[in-house]
Each structure stands twice: as C-alpha cells, then as structure tokens.
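Only one chain comes next, encoded as structure tokens, the form predicted alone.
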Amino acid sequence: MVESGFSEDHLDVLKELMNIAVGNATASIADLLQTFGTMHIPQIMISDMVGLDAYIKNAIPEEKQYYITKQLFGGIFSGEFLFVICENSAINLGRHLYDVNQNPTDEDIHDAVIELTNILSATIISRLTEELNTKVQFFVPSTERIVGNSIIGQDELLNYHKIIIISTEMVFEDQQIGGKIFILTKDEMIKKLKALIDQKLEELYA
C-alpha cells in the first residue's frame, strides 16, 4: 500500500483512465491546431505541497517566462487544473491560431492560452470523471505571466497536507508549441477519489 490508502491497483486504474482522457485531449487539440501532436504518458504521485513545489520546479526550467492558467473544478471529485506554457510556445500558439505573420498581440496570446486550457481541462477532466461515473463543474480560469517556476504560492504550501499530482506534457513539434499539465487534488478529495476508483474496480472485476 502507498500513502493515503491507495494501492498499486488504485494507481494503475487512475493511470489507465488518465491515458484515455489524455488521448481524447490530444485529438481535440490536434483538431484545434489542425496538426499532429502528442502527449506524454501521465505521471501520478502522492506527495505534500512542499513535494509538489519541488516536483514542479524540477519539471519546469526557472530561467524562462511562462503563462500559467489555473482552473478549479468541483464535484464529488474536485481539484485544480494547471497549464504551464513558456512565452515562446505561447507566442507560437497565438500566431498559429490567429494566422498572423508577426508576433501576436498580448491579448491574442492571452486568449489563445485560455482557449487551449479550456479545451484541455474540459476534455481531460470531463472524460476522467465520466469514466469514474461522476460529474464535474468548472470554474472560470485565471491566467498570469510570470518569470521563473514558482507557480505554487506560499499560502498554498501552508494550507494543505497530502496531494495527488497527475502530470503530463503536450508537444506539437512542427509548430514549436508545448506545455506542461498538472492536475492536483488534495486532502478529503483523495479519499473521495479512492472511493470512486473502488467502485470502478468493482465494475472491472464483477
């Protein structure tokens, strides 16, 4: 058994469901960008917020500028969806979506990042919760531009104990567009997620 009562079976089921959800998201983004892209196999780990901060800083180089979009989702299973895209990728995304030869405006870039995040979060989270036989509600996302990789605030580090980190990477190589995806759920939600996976395991082994 691993921390928070999750067995290897729980993690295997969650990883398999995430593979399905990520596959759907890849197809949706490929339709949006009208090109071929890939997403890496999702990584899943249970940690605390300090571990999350270290994990993100290890995954994201600190010397670049980034657009970070955060979107809360709620329901029996709730948490936070984070999409992190470096400035160059965001510029390429804005240029590609709005078909401009020169650098897109800040507004174009912001709108493009929000549009991409909305599709990613809606597709991944909706498919995941559908597989878990539950529903989800999305809240309005927020986007900010930062220098470095400190995307988890100090107040957040102090407020939570255990957290599940689900992460993957989106790559559209020809367009030089890529980004990191993190899905976070914490504390009581971990118990609820385990219960939903238990129900799924009962279905699978019935």
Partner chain sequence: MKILVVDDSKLARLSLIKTLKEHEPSAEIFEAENGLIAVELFKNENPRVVFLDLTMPVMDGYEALKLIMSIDPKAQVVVVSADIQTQAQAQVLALGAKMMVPKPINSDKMSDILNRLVF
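Residue numbers count along the first chain shown, from 1. Bear in mind that the values here come from a model prediction, so they are computed numbers and not experimental data.
The same protein has a further form, the form predicted together with its partner chain, not shown here; the description that follows concerns it.
Stretch 127 to 135 is the answer when you ask which of 98 to 106, 111 to 119, 73 to 81, 127 to 135 has residues with heavy atoms within 4.5 Å of its partner chain in the predicted bound form. In the predicted bound form, no heavy atom of residue 141 sits within 4.5 Å of its partner chain. In the predicted bound form, its partner chain lies farther than 4.5 Å from every heavy atom of residue 43. Its partner chain is not drawn, but in the predicted bound form it has no heavy atom within 4.5 Å of residue 165. In the predicted bound form, its partner chain sits within 4.5 Å of a heavy atom belonging to residue 37. Site annotation in the predicted bound form: the residue of 59, 27, 147, 50 reaching within 4.5 Å of its partner chain with a heavy atom is 27.
Along 6 to 25, residues 9, 12, 13, 16, 17, 19, 20, 23, 24 each place a heavy atom within 4.5 Å of its partner chain in the predicted bound form.
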